[in-house]
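First, one chain by itself: the form predicted alone, in structure tokens.
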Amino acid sequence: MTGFSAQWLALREPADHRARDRTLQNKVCEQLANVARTEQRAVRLIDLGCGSGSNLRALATSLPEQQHWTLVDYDPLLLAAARAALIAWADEVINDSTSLTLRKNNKILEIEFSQVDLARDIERVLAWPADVITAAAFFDLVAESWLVRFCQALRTTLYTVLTYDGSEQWLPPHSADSAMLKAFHAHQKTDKGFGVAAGPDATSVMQRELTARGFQVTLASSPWKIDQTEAAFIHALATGSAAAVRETGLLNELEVNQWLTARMSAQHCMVGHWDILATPN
């Protein structure tokens, strides 16, 4: 799966970090703190579809002092962007060789970068040592059959954030909002490299499959809430949505363009997501 630019990921990062449910995040941080105390070692996290490393930047300063991260993505350009962004974010670069060791807020992070085709090799990745498997804005892009494979192979805690739930609200309203959203959902359920994407159904599929396998699953809402203080992000979101709708052919060009023009000056946008914490019993 490719196609996400580092520029787009940078635009969305502040909204992503704000949207996360803090109660769920605190629970996973407490779990990892307990691992660090009882086992006296670095906590280990694997970040699937890591992009430019935003998920690590959101979590790391709340985790124990010693951390080992494996960032996994199929796109080598995004892995390179993640390394560069993390070096810029760090207080100190301790080592920059095959892996990267950083200091941030008195936390020591050893970071490995792994280029993997997750569509093919998810079972291999889930067999690597980890205390938590994590991901952000990832699972709505994969197929239901892949989600079943993932849930069958998962053996440790899963903490994933920002899985799209299908809800959007733009203000002020526009007459084409409903038709545009319906067409956008049709585009979402196209193949993103894993088969026909589950889109907004991903969370319910994961909840069903993980519960059936004995996991305790907790969901929390994590909507984006964006206003004109992030005008560049609103522009990119509206432009990307319009481009996706055009690809479906479900609305004519005039309708799409009228909606896009209105949305460029939107006062507010809410996009719904779910965060999930699943722990094996």
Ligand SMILES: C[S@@+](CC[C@H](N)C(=O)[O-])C[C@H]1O[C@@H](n2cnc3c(N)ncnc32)[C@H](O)[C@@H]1O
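When you see a residue number, it is the position in the sequence shown, counting from 1. This is a predicted model, so every value here is computed, not measured.
Another form, the form predicted together with this ligand, is not on view; read the next lines as being about it.
A residue is said to contact a partner when one of its heavy atoms sits within 4.5 Å of a partner heavy atom; residue 222 fails this definition for this ligand in the model of the complex, lying far away. Shown alone here, residue 194 lies within 4.5 Å of this ligand in the model of the complex, counting heavy atoms only.
At a distance threshold of 4.5 angstroms between non-hydrogen atoms, residue 179 is out of contact with this ligand in the model of the complex. In the model of the complex, no heavy atom of residue 96 sits within 4.5 Å of this ligand. Between 115 to 123, 151 to 159, 170 to 178, 96 to 104, the stretch whose residues reach within 4.5 angstroms of this ligand in the model of the complex through a non-hydrogen atom is 115 to 123. Here is the short version: of 109, 90, 210, 78, the single residue with a heavy atom within 4.5 Å of this ligand in the model of the complex is 78. Proximity to this ligand in the model of the complex, defined as a heavy atom within 4.5 Å, singles out one entry of 67, 54, 241, 70, which is 54. Although the partner is absent from the chain shown here, none of 28, 32 and 276 has a heavy atom within 4.5 Å of this ligand in the model of the complex.
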